[in-house]
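The form predicted on its own is given below as one chain in structure tokens.
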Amino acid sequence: MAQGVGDLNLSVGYALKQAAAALRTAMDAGLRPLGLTVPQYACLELLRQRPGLSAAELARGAFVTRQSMHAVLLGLEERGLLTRASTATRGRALPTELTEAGHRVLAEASAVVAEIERRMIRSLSVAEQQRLRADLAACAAALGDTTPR
């Protein structure tokens, strides 16, 4: 007979889900006054760090489906926070870049998110923070890439 998860208080997966849910809730609340959702923020941050990403690349990086990313991009474009080329420079993918307004909104959003992350890990030493990042990366690698397509 297969053994179940057991006591949820001892489950790493459950603790990880609790942490992810708490982080998402805090980010939703922090970004709301800026008129941003978490996927919109992720899209802007990805574009700041890697200008010109395609919608498919943005979807993978923001952990959303391509269909969801299309809606995210339309909303950000309508607000004037990003631009998309009308023709592809390579293949069929239309590169996307932040506008000046996008950079300004992102600067505010990044400060909000950084403060939330500081609150989340403030009880951990620098060594514990490094270990946590390494352990989470190892957990993700053990399960393989599960990014929505």
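Numbers for residues come from their place in the sequence shown, where the first is 1. No experiment lies behind these values; they were computed from the predicted model shown.
There is also a form predicted together with another copy of the chain; it is not shown, and the following applies to it.
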Is it the case that residue 83, even though its partner is missing from this view, gets within 4.5 Å of another copy of the chain in the model of the complex, heavy atoms only? no
Please determine whether residue 61 contacts another copy of the chain in the model of the complex, using a 4.5 Å cut-off between heavy atoms. yes
I'd like to check something about residue 31: if you look in the model of the complex, is any of its heavy atoms closer than or equal to 4.5 Å to a heavy atom of another copy of the chain? no
Taking another copy of the chain as it sits in the model of the complex, is residue 97 near enough to touch it, meaning that at least one heavy atom pair lies within 4.5 angstroms? no
